[in-house]
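Below you'll find only one chain, the form predicted alone, shown as structure tokens.
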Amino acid sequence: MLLKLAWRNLWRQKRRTILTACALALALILSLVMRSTQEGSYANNIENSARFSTGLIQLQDPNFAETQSIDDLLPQSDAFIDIAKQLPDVERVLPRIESFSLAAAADKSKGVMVLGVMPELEDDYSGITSKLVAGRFLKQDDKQVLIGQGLAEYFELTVGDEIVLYGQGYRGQTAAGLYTIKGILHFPVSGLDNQLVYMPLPLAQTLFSTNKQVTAWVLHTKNLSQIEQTVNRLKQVYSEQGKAAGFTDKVNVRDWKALSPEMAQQIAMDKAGGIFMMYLLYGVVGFGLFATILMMTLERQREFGVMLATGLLRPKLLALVMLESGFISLLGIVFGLLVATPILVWFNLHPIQLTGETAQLMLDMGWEPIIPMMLAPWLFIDQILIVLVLMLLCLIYPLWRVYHLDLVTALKGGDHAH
């Protein structure tokens, strides 16, 4: 009965009902598009950045994060990494050695970062061969190295020249070698371009005398949104199964936020700004909604008075007002979803293509020049809940007015009638 009465009451003022529902729908559409674009861009940037630097997750020795020392290593063995591979969300595993040396050529020297990788696995993961500007890419059994273009220019070296690496190896051993340059890579990030020496993992293990050990295992997951659960699961399985395999307390699981705190901070700040704008939008819509609901209650005081005088209980009257407001919210949500969903699906399947200098900059960094939109149930659920909470907040004062309605005054048309 109340449902039928509330639905009929809505259409006594069709224009007001439709305008209020459209305002809610517009807020829902704008917030969904904004949040979907933000989250899609974040996910795309995190994936791209992970492929060219840290990966989404790394397994490291517990001391490596602080010391960055070649002495804090993990085993490069199937027994060790098979524990991680058994997790269904782990898609790729790549062993790496990352350390520092003094590089020298002719009468110049400079500190460099030495990265030992499995060339074919890394190229399959990040497409690193696209950064090659001279020479050829590495093979696993090569005794040669690749260097950054900035480093090559500093030493005035080219393909076929030799470079000396000298540093500290595992447990204080001397790490020294003379290597032929097989190719030159160009990285848009000057820190990599001016410092990176890229070599096959077996050659790096020989240089640093680490034997079958690595500084990190890089893991890539299938689902970025589940990365926190994967990290927790990795900690659990290495705690449970590592004891039997002799790896107890030897593994530190770090996700991309811990590996790239600057990027995580930038995303957090940008996300906070987007959420602030979203709530500002809802605030503007909320004031309009509040005014509409308050007007609906004030101008109907005589009607409410008659209903109470004929025996309607006050809780049922409150329920009637809530149902009317709920129907308006429902209409706004349905309108909003009907318009927003096709937009989000289209731009998820056909991401916005960047052009000009912005696109070239992203291409240089190895990233796709696109802005994809994310499609995730939690994005929709969040916005719908916000609309419902907004409606409840807007109802508090009008409901209080209705509950404390003076029957005699209401039958005369209410306070505003005098």
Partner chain sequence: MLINLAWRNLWRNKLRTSIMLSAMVFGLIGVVTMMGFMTGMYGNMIDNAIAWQTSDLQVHNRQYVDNPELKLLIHSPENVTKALASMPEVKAWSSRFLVDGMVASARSSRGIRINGVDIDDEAKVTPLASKLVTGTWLPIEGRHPVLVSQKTADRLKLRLGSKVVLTSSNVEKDVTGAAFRVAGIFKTPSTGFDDGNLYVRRGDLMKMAGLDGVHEIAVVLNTTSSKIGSHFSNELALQVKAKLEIANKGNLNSIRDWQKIQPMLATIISQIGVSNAIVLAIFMLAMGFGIINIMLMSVFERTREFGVLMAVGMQKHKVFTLIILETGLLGVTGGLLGVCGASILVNILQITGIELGGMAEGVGALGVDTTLYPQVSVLEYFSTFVTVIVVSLFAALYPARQILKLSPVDAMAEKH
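Quantities reported herein were computed from a predicted structural model and do not represent experimental measurements. Positions refer to the first chain, counted from 1.
What follows is about the form predicted in complex with its partner chain, which we do not show.
Exactly one of the stretches 376-384, 345-353, 43-51, 62-70 approaches its partner chain in the predicted complex with heavy atoms within 4.5 Å, and it is 62-70.
Contact annotation for S109: at least one heavy atom lies within 4.5 Å of its partner chain in the predicted complex. In the predicted complex, its partner chain sits within 4.5 Å of a heavy atom belonging to E299. Using a 4.5 angstroms limit between non-hydrogen atoms, A23 touches its partner chain in the predicted complex.
Proximity of G160 to its partner chain in the predicted complex falls outside the 4.5 Å heavy atom cutoff. This chain appears without its partner; in the predicted complex, the one residue of A291, V334, A134, A309 with a heavy atom within 4.5 Å of its partner chain is A291.
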